[in-house]
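Coming up are structure 1 and structure 2: the same protein chain in two forms, each one given alone as structure tokens.
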Structure 1
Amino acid sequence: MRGFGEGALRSLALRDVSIDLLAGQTTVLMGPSGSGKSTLLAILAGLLRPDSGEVEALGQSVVHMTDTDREVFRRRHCGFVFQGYNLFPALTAQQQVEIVLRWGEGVGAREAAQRAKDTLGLLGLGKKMHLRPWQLSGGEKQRVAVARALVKKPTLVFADEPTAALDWEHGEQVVELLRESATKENATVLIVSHDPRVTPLADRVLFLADGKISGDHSIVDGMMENLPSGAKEAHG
């Protein structure tokens, strides 16, 4: 459970949410604006504490970690794609991606540079990796953010509206790369999206309404099928 505000002004963003996200699986979380999607993503990613309840990841309680331990956990295991890009104004696209490897992983300069170039190249940014954020379009900045999230091959990937600033050609490319991190790296991928074109590319689609899970579907041959009730049981 998670609420915001105090007293009579307090409102619940999430209530009685229980889900289980699996390694090797891409899950899309959909719902109207204000339904609690971004709040749920932030709680599952350890960026926000719930008022009550438990979040377990990789056999550890994220909720009961110290702030320092939680930061280390995120740095080691998580990749994030934020709606606002969160790019450093003074760094080039390549440097934005390299810094994740140099600072978070302790990777050497030469290897970090090559991995950054390879990942940016997969996203069609090979000719723009020397540019800074103010020289990039919104869609290009979004793809840099995706490259930064995936370059270290994280175990847990959280993407908040990763296709919002993209045309569908690039949006589909981004979702396919996120899926590859699940299928090839056995990562757990959660995508928050309003875009219905994303759903056929997922393994599972959750629907959130009024702070509660209102639907849970697997995707089989591009079609949704209801999951059994047991598939919804989780700590979260």
Structure 2
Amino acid sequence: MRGFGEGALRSLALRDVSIDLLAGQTTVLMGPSGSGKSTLLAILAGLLRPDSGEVEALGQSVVHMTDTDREVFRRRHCGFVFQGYNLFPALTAQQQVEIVLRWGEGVGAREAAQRAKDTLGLLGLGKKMHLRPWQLSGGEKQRVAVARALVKKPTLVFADEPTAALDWEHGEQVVELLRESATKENATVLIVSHDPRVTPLADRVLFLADGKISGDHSIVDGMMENLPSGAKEAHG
């Protein structure tokens, strides 16, 4: 459970939500504005603490970790893509990516540069890695942001409205790239989106309304199917 505000103004953003996210799967969390999607993502990713309830990831309780432990947990296991690109204006595409390795893992300059180049190359930015944000298109910038999230090969990948600022052609590319990290790296990928065009690319779609899970569907051949009720259990 997670609420915001105090006293009579207090409103619950999430309640009685219970979900299991599986490794190797891309899950899309959908819902109208204010339904609590981003709050749920923040809690699952260890960016926010719920008022009550439990989040367990990779066998560890994220909720009960100290701030420092959660920071270490995120550093080791989590990748994030946000709606805005949030790239440093002064740094090249390659530097935006290598800074994660150098600051986070203390990787040496040469190795960090090589790994950043490899990741950007895989995302089709091989020829643009020396460009700064203002020299890149919106789609390219978001791919750099994806490279920044994936360069350390995270086991948990969270994306909050990653396609919102892009046309569908580029948006689809970005979702495909995130999906590949689930299939190739066996990562657990959670994408928050309100764009229905994203759903056929996912393995599973969750619907959230008024802070509660209102639907849970698996995607087979791009078509939505209801999950058997056994896959859903409620606690928290």
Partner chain sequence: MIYAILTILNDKKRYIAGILAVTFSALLIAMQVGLLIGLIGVVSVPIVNSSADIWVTFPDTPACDLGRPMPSYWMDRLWANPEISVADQYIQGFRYWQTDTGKNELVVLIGVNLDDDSLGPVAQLSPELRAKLTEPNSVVLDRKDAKRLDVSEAGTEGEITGQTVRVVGFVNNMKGITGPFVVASLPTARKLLMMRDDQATFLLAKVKDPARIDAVVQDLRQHDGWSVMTSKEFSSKSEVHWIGKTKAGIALGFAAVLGLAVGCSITSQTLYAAIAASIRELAVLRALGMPRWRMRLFVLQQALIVGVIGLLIAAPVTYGLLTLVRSLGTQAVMPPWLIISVSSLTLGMALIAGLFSLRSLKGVEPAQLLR
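Owing to the predicted nature of the structure, the values given are computational and were not obtained by experimental measurement. Residue indices: 1-based, along structure 1. Throughout, rigid core stands for the largest set of C-alpha atoms superposing within 1.5 Å between the two forms.
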* Structure fact -> Output row: form predicted together with the partner chain located in structure 2
* Degrees of turn, smaller rigid part against larger, between structure 1 and structure 2? -> 15
* To do: Quick one: how many Å does the C-alpha of Glu105 shift between structure 1 and structure 2 once the rigid core is superposed?
  => 2.6
